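Quick heads-up: it's one chain on its own, the form predicted alone, in structure tokens.
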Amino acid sequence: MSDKSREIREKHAKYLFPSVANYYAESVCLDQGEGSRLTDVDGKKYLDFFGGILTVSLGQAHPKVNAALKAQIDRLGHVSTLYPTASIVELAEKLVKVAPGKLEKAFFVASGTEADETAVALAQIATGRQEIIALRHGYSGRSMLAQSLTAHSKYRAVPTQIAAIKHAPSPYCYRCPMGLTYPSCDVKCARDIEELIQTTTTGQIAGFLAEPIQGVGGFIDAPEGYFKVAVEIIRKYGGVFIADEVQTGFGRTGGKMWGIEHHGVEPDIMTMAKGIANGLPLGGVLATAAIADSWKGGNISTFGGNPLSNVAALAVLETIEEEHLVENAAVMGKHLREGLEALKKRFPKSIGEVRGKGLMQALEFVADETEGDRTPAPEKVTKLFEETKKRGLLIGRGGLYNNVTRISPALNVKKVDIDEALRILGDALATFAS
């Protein structure tokens, strides 16, 4: 460890909130990057398979994004939404064109938290109602409302929460909350939403917010049929459907631009952030014209639609289209999934499940899957993290029990990179798993 990395770690401990956690027993102090390759301040190189929590969608220092930023910063660095710019209207138009269903209007903010806040407020305004259905294991951000939507106790920092939110069971098939098995369960977790509405709300709901794949929840991927049943119930009781695409959007799930498109359901409102601008702060909300028009009061975002973030997002969208990255995510995602399934066969005791879509894949670690013991094993993920770090691979973790690895390389990842990551994962697992 160099003096520079030691100084960074010491200042981090001294000046940042203790709640700002870092990965690894000895955190990695990153210094530079290009594509999927990162280098720390000590010169050690890493293959990045987490992308700043699914945010650096095209990899570090993408030339097209950087060129757009360099050209923009010499012209106009910032204006609020009080002034229309070419970049904000071009981005809105582009997003509407690639959006599913009848989403026709856009509003921009600076983060996924703000996007979800805006979407909930919009649902309440449009319906004239207050109560929102969210999902257990879901994550929506850091604000008071977002913490209330979030169903992970460790991310709910204060006991007083916003009361108009009810949490339905997660479509977590591996750990079915009802003890059933898909598909014979007839997606009971979705059908239970009706009783939830009937017993815990006024029966007049504003909407339902859900991630197509629950990100922080450990890449919980809803089974086929879940969203059709859930959304039908929501609309029966007068609510609107908010698809939270903060992690699943922009081709991440492979073959489709948006995660919800895999389920054949059209959202009334959709939120996005993370991968939209390759790491620059930007979030967005799309809505049908009728719902967007229902917001009659004033509305402003100081940083939403910042010109720098806008041009980065436009460059991301153009690159996704020009380089066929939605398709690449499907092809490379299939290769990644096959490799992870092979690791499960190689280490059947430790790896309970492989799940996800496209370039959003996860491994859930348990005590002993071969004996039917699915006790969460977060200590195995901790060991895996240290061993992959030694070998130069960065991955993510999550899940309510912190026992899930999250693997999400850039959308333009190449087969050679996936093969390298799979080799490192295999070598790392061989040191402790069985």
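A residue's number is simply how far along the shown sequence it sits, counting from 1. These numbers come from a predicted model, not from an experiment.
Separately, the form predicted together with a small molecule exists; it is not shown, and the next lines address it.
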* Asked: Does the small molecule come within 4.5 Å of any heavy atom of Tyr139 in the predicted bound form?
  -> yes
* To do: Answer for Gly275 alone: is it within 4.5 Å of the small molecule in the predicted bound form, judged on heavy atom distances?
  => no
* Spell out, yes or no, whether the shortest heavy atom distance between Val246 and the small molecule in the predicted bound form is within 4.5 Å. => yes
* To do: Would you check, heavy atoms only and a 4.5 Å threshold, whether Val216 touches the small molecule in the predicted bound form?
  => yes
* Would you mind picking the one in Gly207, Gly112, Pro267, Gly305 that has a heavy atom within 4.5 Å of the small molecule in the predicted bound form? => Gly112
* From the candidate stretches 238-246, 169-177, 121-129, 343-351, select the single one in contact with the small molecule in the predicted bound form, where contact means a heavy atom within 4.5 Å. => 238-246
